[in-house]
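Form predicted alone, single chain, as structure tokens, below.
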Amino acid sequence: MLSKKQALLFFLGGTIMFSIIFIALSIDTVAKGIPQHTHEENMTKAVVAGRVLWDENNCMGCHTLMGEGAYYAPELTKVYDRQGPDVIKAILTSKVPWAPHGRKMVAYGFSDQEAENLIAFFKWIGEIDLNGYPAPPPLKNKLK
């Protein structure tokens, strides 16, 4: 059993050691990892405008993006790869609510330009290296 002094030293030593490790890994991630994985060079004005639309319309209130957001509607990290730009544009510009599987999506009726901006945002998000997240759907794995 440790004495109070030994326990305090053990606690402080562990806290200091793991704080140093955390700071070192954070610096390494920021210095090397983020620009390589996010492909900032591909961020266009359309991508930024799509992100603004995403935020202004509270899309994260229903959808998930890179694992963050609500779980009412589908995960949209790789939606560009799964659905393609034509399907996405048709859904975004629809004047009637879209209700697949009983879950209703609001009919935002975006203009063609707004839809193109959101599609550019989804394409850019889909190109971020997320180390395999999200995993392909189970059915897709069985077909290979």
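All residue numbers are counted from 1 along the displayed sequence. As the structure is a prediction and not an experimental result, all values here were calculated from the model.
Beyond the structure shown, there is the form predicted together with a small molecule, which is absent from this document and is the topic of what follows.
For the residues Asn58, Ser26, Ser111, Asn42, the 4.5 Å heavy atom test against the small molecule in the model of the complex is passed only by Asn58. Proximity of Ile91 to the small molecule in the model of the complex falls within the 4.5 Å heavy atom cutoff. Under a 4.5 angstroms non-hydrogen atom cutoff, the small molecule in the model of the complex has Val79 among its neighbouring residues.
In the model of the complex, the small molecule sits beyond 4.5 Å of every heavy atom of Gly67. Residue contact with the small molecule in the model of the complex: Lys104 places a heavy atom within 4.5 Å of it.
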